[in-house]
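Taking the form predicted alone, here's one chain by itself in structure tokens.
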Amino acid sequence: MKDNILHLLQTLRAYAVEKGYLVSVIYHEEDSSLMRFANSAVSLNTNEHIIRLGVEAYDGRRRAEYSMITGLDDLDEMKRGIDLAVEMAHHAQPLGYDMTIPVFKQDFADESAFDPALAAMSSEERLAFFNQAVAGLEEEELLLSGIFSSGVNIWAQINTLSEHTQYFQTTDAQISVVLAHRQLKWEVTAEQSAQQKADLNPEALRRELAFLVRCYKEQPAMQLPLGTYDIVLGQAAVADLLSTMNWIGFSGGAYKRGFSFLSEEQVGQKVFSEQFTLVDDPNRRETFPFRFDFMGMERQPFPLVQKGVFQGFMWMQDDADEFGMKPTGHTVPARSLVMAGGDVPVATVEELARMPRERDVLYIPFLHYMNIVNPSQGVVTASSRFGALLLKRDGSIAVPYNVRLTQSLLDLFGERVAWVSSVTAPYNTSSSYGERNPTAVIVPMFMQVNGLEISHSNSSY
């Protein structure tokens, strides 16, 4: 397969060179499988194989992009796509800066994050995984839903300035298992990310679900009074907050456009908690990494925050061109964020519930419907939805109705951080829309932040 793809790119390059075009060609192929559950039954079991070709054409300061869904043998159609991109570039509005066009200095192929066993996983195996994850937990009033998404993802590229190619192939899986009460309308969720088949662990999901179901069935439900709480954020909540921070914090282009809550003056300054260290690390296979970026720059671990000290912005090539900065190897479809663990050895929510505590602690595993309130101040808002627990100081547990947090990321990862768990794991943040682009953030399983205000508290599920 790889040889066929690279031969296709070489053929398209030869066509463009013969025509005198200046273009980059990006090939994307996905083989995606999705098994969906609803009402304790398989509601959808589907597979799709899609090939996309993207062409970026250059004409001085003019640039145009054209993309198509095609087939590996549709060579004439792909050539017409190249012609169209070039024609569009002739009529594009000129940019106010000179563009850097990629020149690959060597061939590069990375299949280290590809697992043939995960790629070949059958529908029967995915169903068996789900059955193991909920064994003995389903009841007449407790229904199963969720998804098992997995697939193979390929990126490959070439341009007319060089004969060299780049090729990346990965496998990924994203699992979400939900048990929902038919009458009471609560639900609990457990999730898992996998880059290879050996990462899959249905028993870990079952243990988490069993504990949460027991809490939700046996412990009292309550509306929390408004006010400030010591809050433990679960793995999913931390990952989603970091993904938002990645968008409105660490991008140099976002900063220059006034869309970041960080500034150049803060580089080298202590902005966050000493317990917060964050690196973009393309060596971590669990993040489905790119070890070269799409400009051909080799990527190394890039520190963003070191013990609370902001290290600097990431610069993709186009932003660097526009603002006269040096690119940092971040012209990639997805980054590989890794947050360091702390010193509290807690790995599961059951272990968290057993920890001694001097005050009540609110546990929030997921943050739903997150949105940005003010990007220049890093203020975000989100709801806890389901799965939360109120861990009382006397050791008992209550089930809180949904609450809303509206906080600055500077507070959530700042001096209010009380502790961070030592255990870390990947959390899949891949989007379900558009082309398959597997993304995962490696984060601690738990992080406690004290003195956070609840701005709204529901009176029921």
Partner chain sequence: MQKQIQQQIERIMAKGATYVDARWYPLDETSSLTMWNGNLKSAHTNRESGIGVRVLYQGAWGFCASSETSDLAVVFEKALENARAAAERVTFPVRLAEKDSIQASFESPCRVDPFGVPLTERVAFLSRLDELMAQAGVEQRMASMDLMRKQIIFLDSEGSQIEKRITEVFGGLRVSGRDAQGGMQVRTFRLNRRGETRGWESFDPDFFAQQAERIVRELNELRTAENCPKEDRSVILLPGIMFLQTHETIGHALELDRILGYELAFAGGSFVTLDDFGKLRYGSEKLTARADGTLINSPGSFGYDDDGVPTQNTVLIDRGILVGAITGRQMVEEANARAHRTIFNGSGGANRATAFYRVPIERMTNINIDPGQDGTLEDIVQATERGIILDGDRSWSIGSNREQFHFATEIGWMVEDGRVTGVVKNATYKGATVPFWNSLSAVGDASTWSVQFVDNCGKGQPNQIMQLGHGVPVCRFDNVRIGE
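Just so we're clear, the structure is a prediction, and the values are computed from it rather than from any experiment. Numbering follows the first chain given and starts at 1.
The same protein also has a form predicted in complex with its partner chain, omitted here; what follows describes it.
In the predicted complex, its partner chain lies farther than 4.5 Å from every heavy atom of residue 425. Contact annotation for residue 52: at least one heavy atom lies within 4.5 Å of its partner chain in the predicted complex. The closest heavy atom approach of residue 397 to its partner chain in the predicted complex falls outside 4.5 Å. Among heavy atoms of residue 134, some come within 4.5 Å of its partner chain in the predicted complex.
With the partner omitted here, the stretch from 206 to 214, 121 to 129, 234 to 242, 165 to 173 that lies within 4.5 Å of its partner chain by heavy atoms in the predicted complex is 121 to 129. Site annotation in the predicted complex: the residue of 105, 91, 326, 359 reaching within 4.5 Å of its partner chain with a heavy atom is 91.
A single residue from the set 161, 373, 355, 347 has any heavy atom within 4.5 angstroms of its partner chain in the predicted complex; that residue is 373. For a residue to qualify, one of its non-hydrogen atoms must sit within 4.5 Å of its partner chain in the predicted complex; all three of 95, 178 and 386 qualify. For the stretch 443 to 461, the set of residues having any non-hydrogen atom within 4.5 angstroms of its partner chain in the predicted complex comprises 453, 455, 456, 458, 461, in sequence order.
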